[in-house]
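In the block that follows, a single chain appears as structure tokens, in the form predicted on its own.
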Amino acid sequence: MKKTTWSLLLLCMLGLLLAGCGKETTEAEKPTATPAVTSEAEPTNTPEPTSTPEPTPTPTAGLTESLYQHYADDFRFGTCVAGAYLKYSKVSELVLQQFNSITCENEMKPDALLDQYQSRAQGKVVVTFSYNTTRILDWAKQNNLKMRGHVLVWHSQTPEWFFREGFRNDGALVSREEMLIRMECYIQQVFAYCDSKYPGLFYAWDVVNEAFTDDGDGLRNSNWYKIFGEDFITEAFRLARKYAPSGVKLFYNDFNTYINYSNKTKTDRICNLVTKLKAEGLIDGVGMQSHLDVSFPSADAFVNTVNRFSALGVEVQITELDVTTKPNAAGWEKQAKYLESIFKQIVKNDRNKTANITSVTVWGVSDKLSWRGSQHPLLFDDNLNPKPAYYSVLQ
């Protein structure tokens, strides 16, 4: 073939290639064959912590005691982790040394699992487990750690599009019937994925989180409430019980349960709810978020609430324990004495059967990795040094 003919042919082919570059992919051309539950491959650029660099000292090498071993006959002792921090060897070593239960800090909340793109493409709810989520689950499985699942139904960190027509942010709220289908599809997929990929890993799940108003006056005016009314909690527990693997305990989780607002308490509401759900065989326990301060609530008030929930005949799990204080010697001492008082009482009550505590989870590994880090709320400081509070918990 002549050279000029080859040149013309090459030019034509180049033109076709250039015409294809930059072409917008239509909705119909987007992939729709993705399975209902997926997991993402490792990203080329793993997300990095933005303001919490790796602690530099390695003081935990000298620790001879372990929180989870110390309380082995009483309850599991856990912490929360974020996937991005597990790459730091000193953080992961400390977790393995001190804890036998972990909770994902954010990676299993609804906005981390619900996949808007695939839900719109497939016309149904699709759950996708991200790389950071599966990294935590894989690590827990490899190291024989058990997990608390947090959380299925919550008004916060649940994307707006999940409640709206067409899975669009600006769609109208769907009907109760449609939302019930979506709730079931979501809960079923989460449990099915975890049970197929990580059988036996989870021992408990927070099914519903923070449904009641802070003043104990009723339910929050969330999208769940707007669409369902008051029984969205019952429906969530009914579906969770239907799909949860055998042996997985189901919890209602909330905060400030020890505060009295004009004689109307959130605790009253929760007790009524738990009594109703327990009668139907739908709930196993109450999770007490415990974001405390050295000056409030009193240790007695906190323990009394633990005992009150236990009296309902359900398990109590302290799910998000941290205690804020001032970063000085006096603050460390107050924090240590406060936690010592709480632990002395709950362990005593657990052992004499006036309380039924099955898990305690501190909300973070160290102060630097805490959502309340500026208030120094945890058992280990910014550099993973054990604080006086750590030793007081071991008393």
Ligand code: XIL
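Each residue number is its position in the shown sequence, starting from 1. What you see is a predicted model, and the numbers here were worked out from it, not measured in a lab.
Not on display, but discussed next: the form predicted in complex with the ligand.
S.K.: Which of 268-276, 221-229, 152-160, 67-75 has heavy atoms within 4.5 Å of the ligand in the predicted complex?
M.R.: Only one stretch passes the 4.5 Å heavy-atom test: 152-160.
S.K.: Just to confirm, with a 4.5 Å cut-off on non-hydrogen atoms, which of 100, 118, 257, 253 contacts the ligand in the predicted complex?
M.R.: Looking at 100, 118, 257, 253 one by one, just 253 meets the 4.5 Å heavy-atom criterion.
S.K.: Quick one: from 289, 130, 188, 234, grab the residue that has a heavy atom within 4.5 Å of the ligand in the predicted complex.
M.R.: By the 4.5 Å criterion, the partner-contacting residue is 289.
S.K.: Using heavy atoms and a 4.5 Å limit, would one call residue 305 a contact residue for the ligand in the predicted complex?
M.R.: No, residue 305 is distant from the partner.
S.K.: Report yes if any heavy atom of residue 209 sits within 4.5 Å of a heavy atom of the ligand in the predicted complex; otherwise report no.
M.R.: Result yes; residue 209 sits at the interface with the ligand in the predicted complex.
S.K.: Answer for residue 338 alone: is it within 4.5 Å of the ligand in the predicted complex, judged on heavy atom distances?
M.R.: Although the ligand is absent here, residue 338 would stay clear of it in the predicted complex, with no heavy atoms inside 4.5 Å.
S.K.: Given that the partner is absent here, does residue 106 sit within 4.5 Å of the ligand in the predicted complex, heavy atoms only?
M.R.: It does: once the ligand is placed as it appears in the predicted complex, residue 106 has a heavy atom within 4.5 Å of it.
S.K.: Is the ligand close enough to 193, 195 and 243 in the predicted complex that each of the three has a heavy atom within 4.5 Å of it?
M.R.: Spot residues vs the ligand: no contact at all.
S.K.: Which residues from 349-371 come close to the ligand in the predicted complex, meaning a heavy atom within 4.5 Å?
M.R.: If the 4.5 Å heavy-atom criterion is applied to the ligand in the predicted complex, 349-371 yields 363, 371.
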